[in-house]
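We've got the same protein chain twice here, in two forms, each standing alone as structure tokens: structure 1 and structure 2.
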Structure 1
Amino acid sequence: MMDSLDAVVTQVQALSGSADDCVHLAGLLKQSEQVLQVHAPRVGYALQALDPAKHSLGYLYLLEANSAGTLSREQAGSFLVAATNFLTVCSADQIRLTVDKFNILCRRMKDHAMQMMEPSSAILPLYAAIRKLQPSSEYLTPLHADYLLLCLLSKCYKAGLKILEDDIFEIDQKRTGLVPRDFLLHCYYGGMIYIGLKRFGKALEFFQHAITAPATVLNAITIAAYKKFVLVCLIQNGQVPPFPKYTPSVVQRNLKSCAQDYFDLANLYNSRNITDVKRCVHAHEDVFKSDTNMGLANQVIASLYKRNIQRLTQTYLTLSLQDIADTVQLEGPKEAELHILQMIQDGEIFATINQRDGMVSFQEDPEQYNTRKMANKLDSEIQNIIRLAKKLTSVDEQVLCDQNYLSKIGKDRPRYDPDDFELVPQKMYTNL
């Protein structure tokens, strides 16, 4: 154990070369945490003697100790600058020797950026931290949720796609420090990012991951995710599907009672009556506002207008703007025209409007699926499916060879299983 700050700095400088030296240094630094806490006011000067790229492990310990406790705004600003530089240049191999300390430092940076009302300042360094903590882009880390939260607060939704579009297959607590709460928050914030981008289908995927995650008790994140799930389902599909079979029983039993206001809206939505849906949203306005879901509730109303217009395309070839306004319960032909133009622009219907007589002609989808662009898109999807199939085969092989899995199924199965033995062919009996 090193008993002075100078000794700590000396050891960091001496043991930051080879991989074995770094492993040894990690043990020494862990034993010296009390020394760093005692000398916390002087740690800032000690950092000047270290190179964050070369002495990343020691620099991490000292910077974390220097940022502990309550910081003034000026101190927080200096910490953000130092942390930004460190996360940008630090050695991935060294910081992975102490993932818990690294996660603490990154979350402290996120907290100070939020307190200073500058969440966008931490987006790029935290992205660099994620890539250095990940053994590969297939790993989920605790920092994913923090990064997405910063993107949400900064309204930088497209920045969130940099990690959301990665295919996640690996969850390893030892290598990343991930806990169940981190996974749930990643799904919840990811769904919110996709809502901000109007990609409601992907938002549903992420919320469903949070709802169906293994659980023994109901938690606030799952409840919040389900409330948004109900509203997004109405916007995207017009109905709320039943729980998947693999949803934990505690979730299936208790979740609906925690979101009764949302189910009232979903039931009325099925009636396709705009007036009733508006009345329901107004009646539960306080609940939607307290859940920060009022914006989504208003989009549910707007989606019902669109869905009712889409139903008209299945019945009529031409219809006047006034008839559409009357049928869909819009204020007049001008509002009906605005709705139809927006739906045409979004590719939700195919139609033309005759401005002279105010008639709308509904048409079939003009896509013939015979263009080079469409062929490239189909090929890309096929290649993605092939890659996914190979990955699933690999994961299946790993599970079948896992000792814990084999022990578990060995205990659950009887000692002698008739299926393990090939039955005697019937023709052998006939020859006797």
Structure 2
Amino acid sequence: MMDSLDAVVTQVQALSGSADDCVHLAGLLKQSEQVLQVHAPRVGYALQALDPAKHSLGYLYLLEANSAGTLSREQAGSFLVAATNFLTVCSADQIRLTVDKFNILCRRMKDHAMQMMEPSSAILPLYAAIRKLQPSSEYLTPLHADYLLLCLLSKCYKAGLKILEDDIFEIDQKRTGLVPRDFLLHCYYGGMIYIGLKRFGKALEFFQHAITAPATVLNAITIAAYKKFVLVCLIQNGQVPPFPKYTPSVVQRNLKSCAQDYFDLANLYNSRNITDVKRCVHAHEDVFKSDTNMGLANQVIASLYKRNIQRLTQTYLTLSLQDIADTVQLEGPKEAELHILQMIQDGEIFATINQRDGMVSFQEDPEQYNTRKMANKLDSEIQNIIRLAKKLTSVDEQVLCDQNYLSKIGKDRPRYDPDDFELVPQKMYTNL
């Protein structure tokens, strides 16, 4: 227990050497939080005595105490500078000892960055922070959600991509201080970033994680994620799949009532009738606007045109622009031509427009799957799947060795009977 600030500083300087000392130091610092709060104004000077790289643990505590409470504008500015510097150079091992404090600091930094309307300034430091906090790239931290939020606000989607491309498998509350809300927010913001990058398939994956996460109560994040999920599904696949059977029941039962308008839109989309869909979007405009989904809703309408035109390619070899306009309910042949031109450029259909006759000839997809590029792609996909399958077997083995599982299995099976000894597998007798 250290009574004065100077004592704290000396201890920090002394005990920041080896790992055991750091652990000891962590305990001491925890106990001296009171001291730090009391001497809050002078903490700033104390900070200058410490080196953020070598004395990360102590620096962290002092910095956090320094920035508690409301700060004036210059104070916030200087805090941001100090925090940016700290996060970039701090030592990963030391901060992993006090995960909660670290999270609080980072969150405070994000709040200040947002308040000062400079979200992009906090992106790089937070990225560094995430990498330092994660024991490996498969771990999810609370900082992921904040980081993605900043990327969204500052429209730096590519920066968000770096974090999103890691597959997340490990959720360890003790090591990272994670709460369920952070996980849901991570899925939600991640999905939104993918929408911004127009990678709707991955966006769907993230939203589905948010919807199927285990839960006993319905929460606003899941509802918002579901609404976006419906719209992106319509754009990408043309239909909304039913809930997978592992969706928590509380979500399945109540989601319909919360997102009724979206359901109506999905049902109408199935009928492939443009006027109905337009009318529905217009009717529910307020709802869509208040959920900030108006942009997506307009994209849904555009996708319906595209889908209808694609169906035509399945049926016709050549078709006049007038007929296309009539079937798909466009204004006239000019507009049909524009749509088709756009779709050809985007690679969504393969066709040629004969302007003299006003005819469009549809062709088959020229992809023959016989290029080196395709062979490489197949090869990399196979490698991915092999890796994934290995991970799956290792998780399976972990579960097999788990105490809870074995005791449950042991209870259900009949007792060991010498006559039919194959009943209980050999493995269970060898590694207990």
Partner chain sequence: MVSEEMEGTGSRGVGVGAGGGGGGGGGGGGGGAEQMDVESYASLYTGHTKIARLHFIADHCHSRALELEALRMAADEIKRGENTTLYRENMEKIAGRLGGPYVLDQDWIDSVDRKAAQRQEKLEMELNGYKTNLIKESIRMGYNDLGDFYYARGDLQQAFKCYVRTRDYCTTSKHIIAMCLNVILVSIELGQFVHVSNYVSKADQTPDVQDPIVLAKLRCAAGLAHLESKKYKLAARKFVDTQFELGSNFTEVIAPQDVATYGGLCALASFDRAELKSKVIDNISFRNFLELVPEVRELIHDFYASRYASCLGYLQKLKPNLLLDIHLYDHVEALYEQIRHKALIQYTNPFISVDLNTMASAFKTSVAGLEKELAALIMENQIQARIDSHNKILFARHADQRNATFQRVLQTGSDFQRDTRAMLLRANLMRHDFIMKGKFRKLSEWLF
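Numbering runs along the sequence of structure 1, starting at 1. In this text, rigid core is short for the largest set of C-alphas that superpose within 1.5 Å between two forms. Predicted, not measured: the structure shown is a model, and the values here were computed from it.
The chain appears twice here, and it is structure 2 that represents the form predicted in complex with the partner chain. Taking 2 Å as the criterion, Gly358 counts as shifted between structures 1 and 2: its C-alpha moves by at least this amount when the rigid core is aligned. Annotation: Cα of Gln403 displaced by at least 2 Å between structures 1 and 2, core superposition.
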